[in-house]
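Listed next as structure tokens is one chain, alone, in the form predicted alone.
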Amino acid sequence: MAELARTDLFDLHVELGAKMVPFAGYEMPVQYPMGVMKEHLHCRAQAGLFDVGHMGQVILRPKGSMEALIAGFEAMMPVAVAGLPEGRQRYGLFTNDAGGIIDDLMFANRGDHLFVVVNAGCKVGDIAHMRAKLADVAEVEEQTDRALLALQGPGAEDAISGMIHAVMAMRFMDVITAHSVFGELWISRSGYTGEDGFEISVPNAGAVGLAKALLAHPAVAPIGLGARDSLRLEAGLCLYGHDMDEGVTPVEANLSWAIQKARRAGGDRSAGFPGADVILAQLADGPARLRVGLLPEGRAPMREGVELFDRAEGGAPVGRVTSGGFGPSVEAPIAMGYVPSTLAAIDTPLWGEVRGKRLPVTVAPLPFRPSTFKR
């Protein structure tokens, strides 16, 4: 078995009393002594600091013109890259020839290059994919000398603005470069909790110092993967490898909002991406299945893998739960899963089979809790 990698904050996690678990090839903190429930609620009420240094950070540097790089990168996904202003970030999706999702990612226009953040479990494949597809137009430079932190919650701006005053002017999905005693920081106003907050790329040498400086603020507590998962689930956000994969299209995943008008039928740059025939047909006619929110009745969570039925007894499964657990902020079990589009309307009654017993569950709108991004 391959040895697990460690982020630059490993020793700090241990010092803070974290329970460490294997995740995407790394030893990562799943929770701290506060516990998952309190960590979740603390992030919603104040601010939480997450180590996301296992994610892949990549610079795409043009070999020739930025225009050629942008066109080449746009050809890898149904998302518009051209037209993204300098200093702004966007959510993207690499697709395959069948329209399936290879990975979801964030990319930012930083003037003379693009900065891309990809999922930890996919980063080796993603970097190889970008090197193959962009060989003529870009140098694909993995940033192995930088850590990545996420500071999330309503107290996030106050916690970091004492160090980096410029964050106060940032809107959701803005990106800036800021100088600090911890080195040059690449900051985006984004995250994966449904809260206002920031993701901060910092040189490895400054990572522990920055983390300790942020944790010294009275509003900030360290948060592990357990609460990160419940926070993103309440926010209705997909987890790659669970709610989406290479067998699921962006339309089926209920991510059509990420496909701009320019890439759709009749748009300025319609098609020209892998799986365009499948994805554009689904946008026009609707997919056969759809990711939906699910509210189980009672207090028992319905977790990943629970089969869904359209009747209390008999019949074959019609769908499956892909993420599920208890939502501490909504004080109820919540889940997401795939059902036929004919059963995707809000308030449709379904049944989930838990330990051989079918329990009622209702199709619900996403997100389960409104997002609080700074627009």
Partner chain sequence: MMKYTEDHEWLRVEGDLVVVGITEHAATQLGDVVFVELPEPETMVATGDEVVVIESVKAASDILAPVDGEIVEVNDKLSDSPGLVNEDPTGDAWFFKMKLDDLSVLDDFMSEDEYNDLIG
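Every value quoted in this text rests on a predicted model; they were computed, and no experiment measured them. Residue numbers count along the first chain shown, from 1.
Not on display, but discussed next: the form predicted in complex with the partner chain.
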Subject >> Proximity to the partner chain in the predicted bound form, single hit among Val36, Met55, Met336, Leu350 (heavy atom within 4.5 Å) >> reply: Val36
**OP:** Have a look at Arg299, His165, Arg171, His179 for me and say which one sits with a heavy atom within 4.5 Å of the partner chain in the predicted bound form.
**Re:** Arg299
Subject >> Option from 56 to 64, 312 to 320, 27 to 35, 43 to 51 whose residues, in the predicted bound form, bring a heavy atom within 4.5 Å of the partner chain >> reply: 27 to 35
Original post:
in the predicted bound form, does each residue in the set Phe73, Arg110 and Arg131 place a non-hydrogen atom within 4.5 angstroms of the partner chain?
Top reply: no
**OP:** Report whether the minimum heavy atom distance between Lys19 and the partner chain in the predicted bound form is within 4.5 Å.
**Re:** yes
Subject >> the partner chain contact in the predicted bound form: Lys212, any heavy atom under 4.5 Å >> reply: no
Original post:
Would Arg303 count as a contact of the partner chain in the predicted bound form, using a 4.5 angstroms cut-off between non-hydrogen atoms?
Top reply: yes
**OP:** Go through 322 to 347 residue by residue and record those having a heavy atom within 4.5 Å of the partner chain in the predicted bound form; state none if no residue qualifies.
**Re:** Phe326
